[in-house]
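The chain below stands alone and is given in structure tokens; this is the form predicted alone.
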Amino acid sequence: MTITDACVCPYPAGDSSIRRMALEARELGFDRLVAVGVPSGEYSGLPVIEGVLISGGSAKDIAARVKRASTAGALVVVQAGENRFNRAVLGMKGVHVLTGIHAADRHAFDHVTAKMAADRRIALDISLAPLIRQRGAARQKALNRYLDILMLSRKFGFPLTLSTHARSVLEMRSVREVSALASLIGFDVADVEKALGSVDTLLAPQSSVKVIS
């Protein structure tokens, strides 16, 4: 299993260089990163997958950008929206991950979308950023939404990814810390291992995060 943080945001999307974040990730126990806007390659001795993060616009606009982004080796990630929009995204060829579900309406991802995600092998991203950065009601809302997603994943079998969405080395977390945060949602050891190792499955048989606005 290749332990992967499924999304970090190095400079210019964030504050730290990819080489600095890769070095930190090695020390924190990760085998690989998916990085926004960075070409795939090896940085500071750590493999990095380029990812494509797509947000904003209509479903038709998103579909066009997904088509342009679907290059070999790229992990294509789309920001979640309302239920109808998410159904459209889950029907698009080339999408690997739906992210930001914690900020969407609680009806944005239901049994129908869960089955679609399972059938298409599209992952739901569990971004730990709201658990790291937020407190109080906002943090609790994210925990509740993620628990709903975990339960649907166990029932329907769609994959999950775990990411920090770190914008600097200060927001990066060790594998142990990621596991502890995931346990607050209800993840057990098997759930964590599966989510941290899911990127390879998502990229097979094909294997960048560019920001496309």
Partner chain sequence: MTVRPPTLRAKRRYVLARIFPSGYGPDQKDLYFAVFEAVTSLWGDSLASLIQPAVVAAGNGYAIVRCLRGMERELGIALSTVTSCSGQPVTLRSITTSGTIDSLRSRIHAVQEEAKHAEMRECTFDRRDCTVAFCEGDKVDVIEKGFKNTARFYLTTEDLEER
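Predicted model, so just to flag it, every value in this text is computed and none were measured. Positions refer to the first chain, counted from 1.
Separately, the form predicted together with the partner chain exists; it is not shown, and the next lines address it.
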(message) Check residue 148 for me: does it contact the partner chain in the model of the complex (non-hydrogen atoms, 4.5 angstroms)?
(response) no
(request) Considering only heavy atoms, tell me if residue 46 and the partner chain come within 4.5 Å of each other in the model of the complex. (result) no
(message) I'd like to know whether residue 198 contacts the partner chain in the model of the complex, with contact meaning heavy atoms within 4.5 angstroms.
(response) no
(message) When the contact criterion is heavy atoms within 4.5 Å, does residue 24 count as touching the partner chain in the model of the complex?
(response) yes
(request) Would you mind picking out the stretch of 174-182, 53-61, 154-162, 32-40 that comes within 4.5 angstroms of the partner chain in the model of the complex, counting non-hydrogen atoms? (result) 174-182
(request) Sequence order please: the residues of 1-29 with a heavy atom within 4.5 Å of the partner chain in the model of the complex. (result) 11, 15, 16, 17, 19, 20, 23, 24, 27, 28
